[in-house]
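The chain below stands alone and is given as structure tokens, in the form predicted on its own.
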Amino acid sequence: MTASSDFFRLRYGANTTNVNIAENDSLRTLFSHRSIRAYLSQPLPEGTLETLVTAAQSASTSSNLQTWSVVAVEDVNRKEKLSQLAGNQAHIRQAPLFLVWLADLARLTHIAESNGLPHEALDYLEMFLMATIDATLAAQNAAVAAESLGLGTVYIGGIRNHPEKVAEVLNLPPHVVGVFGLCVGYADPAVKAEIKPRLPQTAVLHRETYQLAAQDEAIANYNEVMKAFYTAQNMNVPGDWTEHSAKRIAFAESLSGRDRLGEALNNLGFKLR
């Protein structure tokens, strides 16, 4: 069994200083996460979907409003449509289960209207943010549960490339939007997926107050770690993490169509006051 400390070194790079890392099955599952982009066609065991949703519903939810839902997509044709809308990502088609996580204010709208009550607060940005956070917490619980069962996962942000078209494919009512997808299935062992290093903790962990300039050394070190990772994986990736990240935020076009997300949300019934 791989120790938590070994996963720790893989997560931050081979030269990471040793620290006292706790050992248990839950932590090993969390530390060993990797994105899986190649899946076997093997179906999931009966009850897997319900297990994942139970894990999702066990996550925290603001004020117990439960402002999220999820659409489980297994139909081949529907997965094909969603794959195309998300940038033609083949793993959406391959995975036996594709989960689309929703920021869902339609349920609360329906409850209020059915009882003749107002629902003005649902038109404010806070409620959309709450729904997005709720969906994210739920999805991460499901992802961890899936990986604990020996399954692979990968998140699909490309669901936000064409929000209105995704809503059509999934028959979403107003006040509901797909915020991201999640592929779930058995990883294809022929396609190796390694643990990708993350920024050093000194870049993301602040004690008492936030320190921006102090992150420079950590980022420089991370650039070298990622160069070594790409070389070890025989990945022809020029530049470093700083360069890649800067390119992703340089222009509105870098957002792959998501620069019009505010407009799309308005079209889907979110007023975002």
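All values reported here derive from a predicted model rather than from experimental measurement. Start at 1 with the first residue shown and count on from there.
Below, we turn to the form predicted together with a small molecule, even though it does not appear here.
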Answer with yes or no whether residue 154 is in contact with the small molecule in the model of the complex, where contact means some heavy atom within 4.5 Å. yes
Report whether the minimum heavy atom distance between residue 141 and the small molecule in the model of the complex is within 4.5 Å. no
is_contact(residue 89, the small molecule) in the model of the complex, heavy atom dist at most 4.5 Å: yes
According to a 4.5 angstroms non-hydrogen atom cut-off, is residue 198 in contact with the small molecule in the model of the complex? yes
The small molecule isn't shown here, but in the model of the complex which of 206, 33, 247, 227 has a heavy atom within 4.5 Å of it? 33
Interface segment, criterion being heavy atoms within 4.5 Å of the small molecule in the model of the complex, picked from 190-198, 99-107, 127-135, 71-79: 190-198
Please state whether all three residues 37, 158 and 180 have a non-hydrogen atom within 4.5 angstroms of the small molecule in the model of the complex. yes
